[in-house]
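Heads up, the chain below is alone and in the form predicted on its own; it's given as structure tokens.
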């Protein structure tokens, strides 16, 4: 009997099996996660012209990212799940490694802290411009979702502590905070101009209003509105105004002054704001009494907390002091909010705000001070009672 001939089909199957066996013994090198990103980044950027990087490693880290390593790790813990579950498409760097959560957070923080272009930030990390764009926006979305609890109106115990600190530090009993606003510069395409976005100094800008406590922590913010709006109108557009006006905020127990006058809860603001029953502005400086002049000094010291907080915010997160994009109703307000959240996280984590990075001078340098003439009689009475206290 003649031997059985192997079919061509069997031969092809044997060849395929043999090839698979040969391939299976070749080890495939996995794409490792980029866990040594900090050493690589520090080595690459410490000697970059224009940078004054501290020799101490911990200080160097904070120089680039505005937060300590401990606070950085906390921020990573907030967004880790979101960055892992929804990674950007450009997740692999030029060395073929997967971007770790830590490196993604570092890229986003560096973009926000430096205000440098996406191309420049990408070059410092060894990634492309599109990766910087995707990573930064993923980070912003995750922070909006996970870090909101770092910016909220204080509860009863916290507000009592704030009032106690304003009284002991500035001689302002029952004061709950300081308010101020600033312009965030923008650009508009030549084909799209709007007088609303063009402010009093002929710049295109978006407004940010912030109320801060005694530690310069933001306890209320409003943004997204055109820079051409006066601060008094900005206030009236805020949820804070509606709550106060309806008696649902700054409605804690009034206290008696040494003279027996009742002093309700309030915040302090500059001349750009109206004098209201719950928002106290300074006296005009012409022909004022000594007691009123003394009150103005106390008022100014407390109000400067808000001024300093905005200067610190725009100096720490330089993307806010650069000329940003057109008024995107979703992205720009989100970027501004995240910078406020990061500012608060630094304080809440026991980290320190670096005064050296704050803007020198006023946060709205080049802008003429606004003046609002509106005076509520109840506000005038409260101010007089505070001046006598």
Partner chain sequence: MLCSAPAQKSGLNWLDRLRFNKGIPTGDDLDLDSFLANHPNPTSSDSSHSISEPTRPSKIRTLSSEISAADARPRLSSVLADLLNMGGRLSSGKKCPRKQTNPKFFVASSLSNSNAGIVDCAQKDDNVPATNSFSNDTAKLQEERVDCCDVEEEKENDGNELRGFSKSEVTVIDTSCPGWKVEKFVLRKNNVWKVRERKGKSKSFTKKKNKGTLGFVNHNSAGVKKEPKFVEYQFGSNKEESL
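Residue numbers count along the first chain shown, from 1. Source: prediction; values computed, not measured.
Below, we refer to the form predicted in complex with its partner chain, which is not included among the displayed structures.
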Give a yes or no on whether every one of 165, 302 and 382 sits within 4.5 angstroms of its partner chain in the predicted bound form by heavy atom. no
Residue 68: touches its partner chain in the predicted bound form, heavy atom cutoff 4.5 angstroms: no
Can any non-hydrogen atom of residue 325 be found within 4.5 angstroms of its partner chain in the predicted bound form? yes
Using heavy atoms and a 4.5 Å limit, would one call residue 201 a contact residue for its partner chain in the predicted bound form? yes
With a cut-off of 4.5 Å between heavy atoms, is residue 83 one of the residues that contacts its partner chain in the predicted bound form? no
To test your reading of this chain, name the stretch in 256 to 264, 69 to 77, 235 to 243, 157 to 165 whose heavy atoms come within 4.5 Å of its partner chain in the predicted bound form. 235 to 243
Of 181, 221, 142, 184, the one that lies within 4.5 Å of its partner chain in the predicted bound form (heavy atoms): 221
Partner-contacting position among 123, 289, 188, 98 - heavy atom within 4.5 Å of its partner chain in the predicted bound form: 188
When its partner chain is considered in the predicted bound form, the residues of 369 to 385 having a heavy atom within 4.5 Å of it are 369, 370, 371, 372, 373, 374
